[in-house]
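Just one chain is shown here, as structure tokens, and it is the form predicted alone.
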């Protein structure tokens, strides 16, 4: 269970049963999919590690003067993954959509980045903000359109509500991806520009889905991920983006954490979950 959250009743929603969330504002959902990870697998361990390495954090947040345990966060547990990606995403979407229909915000712990497609389908945002080293705008990777390397392309093409995509921290992609990123519905902000860049009023009055691929961080800070890419963001830069976007967000995920380090990556991911909750509940994006 995510520290400071309360557990859902055992079996709630996992087999279609009625949930018992008692009016939760936020619901943690683990999505340990590890089917298309490239280079270094292990995202199946991500949700467990994020929960574990969040245990040391204080309940109280001085910046917002809030206690995490007072903010009505429930942990649904993990939605067990299997190798039929399309079927799994459909099942996961149903779990997340139940959260949205309960007027709560899903906090999804990945798992590979492909799970964000289920998150966007469930939340039906107008805008997606992705913190990521990679564009993830391939039409397919190794012939698979549901690869983690194609997730933002699937969201743009298949989620009708999505009007615009922001990718912050991207520093690599294929030629075809950069060509797609040049279209009017995509904005890419390079790592060196993120600190001084602002959304201005581009999120005002719009539903936003925030996805954090942990490899947006420089691998010096987050080595426990599958496809490390140097020259990335510092943790404070990720934190500030999360704080800025959270008040506008109706869904959130942090993905691509694996078990190939001593917990640095999972610790950063868990801290970003908490920063999202505090900032969303507080209603301000002040960094």
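Because the structure is a prediction, the values reported are computed rather than measured. Residue numbers count along the first chain shown, from 1.
One more form of this protein exists, namely the form predicted in complex with another copy of the chain; it is left out here, but the text below deals with it.
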Discussion item. So in the predicted complex, is another copy of the chain close enough to residue 250 to count as touching (4.5 Å, heavy atoms)?
Written reply: no
Worksheet item: So in the predicted complex, does residue 25 come within 4.5 Å of another copy of the chain, heavy atom to heavy atom?
Response: no
Worksheet item: Contact between residue 246 and another copy of the chain in the predicted complex at 4.5 Å, heavy atoms?
Response: no
Discussion item. Although the partner isn't part of this model, could you tell me whether residue 92 comes within 4.5 Å of another copy of the chain in the predicted complex, counting any heavy atom of the residue?
Written reply: no
Item to complete: Assess the spot marked by 55, 82 and 223: is another copy of the chain within 4.5 Å of a heavy atom from every one of these residues in the predicted complex?
Response: yes
Item to complete: Would you point out which of 82 to 90, 100 to 108, 196 to 204, 156 to 164 contains residues with a non-hydrogen atom within 4.5 Å of another copy of the chain in the predicted complex?
Response: 82 to 90
Discussion item. Just to make sure I understand: among 29 to 59, which residues lie within 4.5 Å of another copy of the chain in the predicted complex, judging by heavy atoms?
Written reply: 34, 35, 36, 37, 38, 39, 40, 41, 42, 44, 45, 48, 52, 53, 55, 56, 57, 58
